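Shown here is one chain on its own, the form predicted on its own, set out as structure tokens.
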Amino acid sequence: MKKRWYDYLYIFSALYLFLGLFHILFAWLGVICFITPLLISIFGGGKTYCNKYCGRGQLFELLGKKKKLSRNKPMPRFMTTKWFRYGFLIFFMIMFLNMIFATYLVFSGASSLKEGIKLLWTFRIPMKVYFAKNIFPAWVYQFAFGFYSVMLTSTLLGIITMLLYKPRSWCVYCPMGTMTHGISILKEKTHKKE
């Protein structure tokens, strides 16, 4: 089967994670991966992003299936339930809102910039910004640190579940996939009412 341009989006995901370690402002590129699936879903594309364009899912497929790093076992049943998926989405959104609030505190001057990445929302990895630190306001860097932490943590969780279970196990409980699925359900319900 002939490869299409979007079959190579895993390169974007890998490059994003790599570049973010060299300069935290590359973390802002991740906003594309955050907004695009929502827009596609809102405008009638359903889960097209997840099924076709998600570079992270492609990366897990590549590592797990083609590189044979996955045990290729089924996930525990509880991880496939809607309670787990929506519970993880709620937890993820709380962490995301916490990141936004930290950014707001730096923006308002109530807090100073905390240069570091939090892995698994707990373990702080200090990371200094050495280049062009004063070009942008401190809140821009704070958002980047927070957003990169979220992206790195979710990728780590995806890698762990890819290694233990099937290659794209992350896709089962991915907060973005859960949100796009929820948007699709809401759109379908409102369409039926019309």
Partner chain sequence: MKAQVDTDICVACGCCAKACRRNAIQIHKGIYAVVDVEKCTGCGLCQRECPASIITLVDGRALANEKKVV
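Note that the structure is a prediction, hence the values are computed from the model and not measured. Positions refer to the first chain, counted from 1.
A second form of this protein, the form predicted in complex with its partner chain, is not displayed here; the remarks below concern that form.
At the 4.5 Å threshold, heavy atoms of residue 90 stay clear of its partner chain in the predicted bound form, well away from it. Taking non-hydrogen atoms only, residue 46 approaches its partner chain to within 4.5 angstroms in the predicted bound form. By the criterion of a heavy atom within 4.5 Å, residue 152 is excluded from the residues contacting its partner chain in the predicted bound form. Interface residue remark: residue 33 is not counted as part of the site for its partner chain in the predicted bound form, having no heavy atom within 4.5 Å. Proximity to its partner chain in the predicted bound form, defined as a heavy atom within 4.5 Å, holds among 176, 172, 25, 9 only for 172. Note on the partner interface in the predicted bound form: the residue among 40, 29, 138, 50 having a heavy atom within 4.5 angstroms of its partner chain is 50.
Within 4.5 Å of its partner chain in the predicted bound form, a heavy atom is found for all three of 65, 72 and 75. Contacts with its partner chain in the predicted bound form, taken as any heavy atom within 4.5 Å, map within 75 to 94 to 75, 77, 80, 82, 85.
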